Each structure stands twice: as C-alpha cells, then as structure tokens.
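One chain comes next, on its own, written out as structure tokens in the form predicted alone.
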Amino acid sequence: MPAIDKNNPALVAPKRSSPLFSPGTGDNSALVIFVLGGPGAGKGTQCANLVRDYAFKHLSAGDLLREEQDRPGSEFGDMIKSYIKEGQIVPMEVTIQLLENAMNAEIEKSGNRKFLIDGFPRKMDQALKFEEVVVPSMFTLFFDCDEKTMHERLLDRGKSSGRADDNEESIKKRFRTFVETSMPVVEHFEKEGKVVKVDANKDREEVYEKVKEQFTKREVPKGQ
C-alpha cells in the first residue's frame, strides 16, 4: 500500500477548490460508501461480503494506519502507534492522505472506482474534509450494535488477533471515543438522507441479508 509521501512538507489534507473525484463510476469519478459502527460491530466481515458480491475495493482506515505505523522508515509510525494505543483518533490529515493514496493506487492498478471505506470518518472534521477534497460519499452504511455484544466480540477476537487494541482497557476507550466523536457523524449524514442503518446484533448472515436489501433500494451497482 502506498505510504505517506515524506516529501509532502506539511502533510496536510490537500487544498483544492473542488473534490479530486466526482461521485460515480465513470472517468474521473469514484463511488465511496463509508462504513461505520462501533468496535466489534462486524464491519470487516460485512465488507468482505460486499467485496465478493459487489466488486468493491475495501479500504480499512485502521489497517492503513497500522501498515503505516509498521512501515520501516515511516516518520509518522510512532505518532500513529501512540494514538491507536490510547484509543484516540489519528489526525485527519494523515488518514485522508493514506486513503487518497490507496484509492489512486487501486484505480491505476485495476480501474476499479468503487470503494468501501471502513472505520472512517470517525469525526465531523474528517467527514467534511474528505468530501471537500476527495469525493462526496454515496451514503454511510451504519452497523448499529449494542455495547455488550461488541465487547464480547472484541474480547473473543483478541484471543487470536494479535491487535494491541483488542484488550479491556483499549476497548473501553474505543467505545467512549466512538460514542463521543463518531455518532455525530452518523447523525449528520442521517439528516441528509445518506445513512443506511442495519441492526448488527444479529448473526452475520442475517445482517448481510439486510445490507443487500438496502443496497438494492439504493441501486448500488454490482460491477466495477
């Protein structure tokens, strides 16, 4: 995955008078669906289904950040590691740049212009800046899951995931961060009619059936 450009002097989100892409799948376009839900809501599992059936490229903001923190020579690695360990949100300039790099790389490699962006935006400023400089989203797919269910899933995952943030202390911080900073994003897009909410407490097959129903209603294309 393309790393952050170390030669970018300020590493700020690009300053543009209009978004890099127009919404859609044609030339100079990109179709983006944000995927949000609390930690352990099942976002990754459902994204894998959508990649298989709808030909999306799945971009996990968290995975991109973890890759960058572990990349040899990364000048942002220690900073990212510290934010993730504390359950805090990495500065948006870093995350937006990584996402834009990944989108451009996928378009150049395969021509695919459909993206599921998982775990982003996690704050209002991220949402507004991404849509301002990269592309307006089609909608936000929100997996609504209660805290007890998410907590159990994360502790179970932590037994084998090897992730530093799948532990009791980090889980509590991540829940608090999600409620305080990410729910306002969902509420903002909901007012614009750009949220698909799915009950994620049910088993994964039932959840996915509901997702497919909503994608049919929203006329999400299946091919690239």
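These figures come from a predicted structure and were not determined experimentally. Numbers follow the displayed sequence, beginning with 1.
Not pictured, yet referred to below: the form predicted together with a small molecule.
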task = Answer yes or no: in the predicted complex, does the small molecule come within 4.5 Å of a heavy atom in every one of L65, Q88 and G119?
result = yes
ask   = Considering the small molecule in the predicted complex, which of K194, K197, R174, K57 comes within 4.5 Å of it through any heavy atom?
value = R174
inquiry  = Can you pick out, from I84, A102, M138, V133, the residue that has a heavy atom within 4.5 Å of the small molecule in the predicted complex?
reply    = I84
message = Counting any heavy atom within 4.5 Å as contact, can you tell me which stretch out of 141 to 149, 121 to 129, 70 to 78, 106 to 114 lines the small molecule in the predicted complex?
response = 121 to 129
ask   = Is A61 close to the small molecule in the predicted complex, meaning a heavy atom pair under 4.5 Å apart or at it?
value = yes
Contact label in the predicted complex: T95 to the small molecule, heavy atom within 4.5 Å = yes
